[in-house]
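Only one chain comes next, encoded as structure tokens, the form predicted alone.
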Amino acid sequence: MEKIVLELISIGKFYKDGENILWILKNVNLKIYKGTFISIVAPSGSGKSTLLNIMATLDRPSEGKVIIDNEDTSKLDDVRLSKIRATKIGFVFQQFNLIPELTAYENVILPFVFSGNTDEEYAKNLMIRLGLGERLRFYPSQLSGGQKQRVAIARALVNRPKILFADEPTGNLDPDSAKEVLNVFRELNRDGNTIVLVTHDYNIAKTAQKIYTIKNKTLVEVDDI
């Protein structure tokens, strides 16, 4: 039986503006199985980033449940949620968010501080696998955009997360670097990693096995890949 890594059950999100309630998401349901690669494509303002933040426990839904690795996160306090983010979730952002004073390798192993992991050999091998073997001691200012994003991907993977989230991961890259990074995601998925990629670009979304979009504040699968 396929293992469900993440499940969304009747997720809703709203904000209050005085007496008014502004719904961003309504009745979102989704099951993500181990080893799958899905993308969520929708224009800015559609709620896709809000949904991603809820899936990654960076934000709490107004209603519904987010279940990660069989654990209902809606019942957890901030301490336990922080532990889940540190050990079960990897996140790649549009901004690389690298610390300029640290080398590429030091940036990659930074999550060890929060997780307690100390497998530096795995970190080095991961960077080699991502084509960064000769860049371990380079600082961010010495790296190309594509290399910086690969460092960010390695950092997101270093704790062996159950699921990797990517929010517009090619948004700050030139076309060649974007293609390079998307190839990395394909390779990671072929190796068994579970990936959720959010983008406004349908051509980038097609990198995934399944494509979803947001219509009428809910999530629907796109058939014409």
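Position 1 is the first residue in the sequence shown; the rest follow in order. In this text, all values refer to a predicted model and were calculated from it rather than measured experimentally.
Only in words, not in the display: the form predicted together with a small molecule, which the text now covers.
Peer 1: Flag residue 170 as yes or no: does it have a non-hydrogen atom within 4.5 angstroms of any non-hydrogen atom of the small molecule in the predicted complex?
Peer 2: Result no; residue 170 lies far from the small molecule in the predicted complex.
Peer 1: Could you confirm whether residue 48 comes within 4.5 Å of the small molecule in the predicted complex, counting heavy atoms only?
Peer 2: Heavy-atom contact with the small molecule at 4.5 Å: present for residue 48.
Peer 1: Applying a 4.5 Å heavy atom distance criterion, does residue 205 contact the small molecule in the predicted complex?
Peer 2: No - in the predicted complex, heavy atoms of residue 205 and the small molecule never come within 4.5 Å of each other.
Peer 1: Can residue 211 be called a contact residue for the small molecule in the predicted complex at 4.5 Å between heavy atoms?
Peer 2: Residue 211 lies outside the contact set for the small molecule.
Peer 1: From the list 183, 70, 29, 44, which entry has a heavy atom within 4.5 Å of the small molecule in the predicted complex?
Peer 2: It is 44.
Peer 1: Which one, 30 to 38, 155 to 163, 49 to 57, 172 to 180, holds residues whose non-hydrogen atoms are within 4.5 Å of the small molecule in the predicted complex?
Peer 2: Looking at the partner contacts, the answer comes out as 49 to 57.
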